[in-house]
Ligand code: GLU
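So this first bit is one chain, no partners, the form predicted on its own, shown in structure tokens.
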């Protein structure tokens, strides 16, 4: 009996993968040109996908990834839920600009309530470039989405033949095609040159967290800002974030997550006066920020090994349900 072909939705959200430069060597300034492939052209340029699965493009707005807002995330989430839960798709591939791809992937990983694969991919070179990488990235993302072993692994990112989990993946280079890295845990596996998808390990914390949050009817997520520590930093940015309506602030602290004394004073002040929740992370490239007894007494949470911008995603989602520090810390310890 012939195996049933996977039915995979393809959502284009924009980014380098469907951008066009002014020449085949325009690898750096193509964003300024503002040129895009017509909506159906990316799929038409990769006929090899027909041999892998039944791929159907699904309309969505196309924006540079650094232009996305939480309202776009919520719309994308609801579209994915419809495709996977009601419309019968086996998996979905989302093309995305690489600048904030890791944040979108982590948001979807946390918020989706499905074990079906959702795979994000993009490109480091525009579609018009010599050695454009987006076409093969798309092929490999569809291969990963169609692979039975991809079920139950949370949201995945496929770039440069490499499969990453959404929690740990990060963009670590500005222009190189090997831009993405798995930080503390490395890649999960590879979409290899022989066409096989091979996994070598499974990252923890891949459980779906969607039931932990209250997203029904939301148009935007609670505001959470990130404040970076450096020599001489005072509390001005922290107080400004609170004045702008932030319900949470992530501190990208020095070392293992230390703000300056002036920042500490501002954190205590706005937590006491406004109930703004603080999450301490590190500006360092890897390793954990831990919740000391003193932080727990002050009502702060610690971001574990999440980068500050990913801790912002989890804190914003957590605040849809609770602002109680111990309950929020449980989410950071779990997801």
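Model, not experiment: these values are computed from the prediction. Positions refer to the first chain, counted from 1.
Just so you know, the form predicted together with the named molecule exists too; it's not on screen, but the next bit is about it.
The closest non-hydrogen atom of residue 254 lies beyond 4.5 Å of the named molecule in the model of the complex.
In the model of the complex, no heavy atom of residue 53 sits within 4.5 Å of the named molecule. Within this chain, residue 65 lines the site of the named molecule in the model of the complex, having a heavy atom no more than 4.5 Å away.
Residue 31 belongs to the set of residues with a heavy atom inside 4.5 Å of the named molecule in the model of the complex. Residues with any non-hydrogen atom within 4.5 angstroms of the named molecule in the model of the complex fall in just one of 139 to 147, 91 to 99, 153 to 161, 188 to 196: 91 to 99.
Contact with the named molecule in the model of the complex, defined as a heavy atom within 4.5 Å, holds for exactly one of 183, 171, 247, 116, namely 171.
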